[in-house]
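As structure tokens, one chain now follows by itself in the form predicted on its own.
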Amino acid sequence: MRHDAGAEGPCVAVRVPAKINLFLGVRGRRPDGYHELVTVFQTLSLYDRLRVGLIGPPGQGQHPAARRRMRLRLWHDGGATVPSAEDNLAVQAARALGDAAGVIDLAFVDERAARRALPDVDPAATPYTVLDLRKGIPVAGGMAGGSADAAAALVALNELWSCRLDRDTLRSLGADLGSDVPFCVVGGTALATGRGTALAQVLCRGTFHWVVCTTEQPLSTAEVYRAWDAHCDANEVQPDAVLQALRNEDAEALGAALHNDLEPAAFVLRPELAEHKAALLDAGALGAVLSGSGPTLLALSESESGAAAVADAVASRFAAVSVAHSPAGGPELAKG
């Protein structure tokens, strides 16, 4: 963790995996503006890493009085497309946890303004928490990178601030931040309904091997759902075949069952994605599917070596390809 002022206090590090949708059914638009979903979530072995620490004189950040007034700072390496201030989901998660834990003055400090000469951020007067975020999940790729960062912040700061909230409480806090955050708090494999926040853990045997294919141009989740509203109709396709394939450790059956109702909408916006999906199947993938709202495409293979072969065959079509496996557990916490 990089600092420019003060003494380094306690630190906590969290590694949080990406999310994929093995099945995504859209049942229609809800009165609250969200869409009614049935989806099977699974974590994938691409990771963001978040390290959080308290800055200030030794022991000050843990003093009960200090927790009543805390400054917050964020660094990340995600580039211009990752929000750096109040719009960042990790910052919003910190605020939500601060409200729940009684940190009543959790003020965000922009990095450009955070100089020791400014008395309102001087750690000698007021401690602050630093969030250092390193991105490994594709940005705006339909893999819940922002939601994963929010989950990482909830888990890490719960430990750093000694809030002692259980994971169910953190999930509830996460539901107000985004539909994918509650799953990202727990990870593994789950069936989700409603707007994606009502979760039931699902049995998954074995490991599945994927080619993750990312493109240069992102897709807005809101834009994809608007396209779905305009061009698609609700259906009642069920995830039974996906769930059975997971139970039976059957990669071939899972490849055949992969399903995403948002694909037609995303393909209207980005027609080349349909061509890329066909190329993945022609290269020998057992199945291919758009990840969430896209534009990342996922191709399932029978083995790690098979995934590597598919990746080599399609590499020229994409900005980046990588091989990963699922499921990948949940946020992993370590004292740092």
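From 1 onward, residues are counted along the sequence shown. This one's a predicted model, so the numbers in the text were calculated from it and none came from an experiment.
Absent from the display: the form predicted in complex with ligand C5P. The rest refers to it.
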Checklist entry - Which among 79-87, 128-136, 174-182, 241-249 is in contact with ligand C5P in the model of the complex, heavy atoms within 4.5 angstroms? => result 174-182
Next on the checklist: Quick check on G33: any heavy atom within 4.5 Å of ligand C5P in the model of the complex?
Outcome noted: yes
Next on the checklist: Against ligand C5P in the model of the complex, would Y225 count as a contact residue? Criterion: heavy atoms within 4.5 Å.
Outcome noted: yes
Checklist entry - Do L37 and ligand C5P come within 4.5 Å of each other in the model of the complex, heavy atoms counted? => result yes
Checklist entry - Even though ligand C5P is not shown here, does R95 get within 4.5 Å of it in the model of the complex, heavy atoms only? => result no
Checklist entry - Which one, R73, R167, H259, R195, lies within 4.5 Å of ligand C5P in the model of the complex by heavy atoms? => result R195
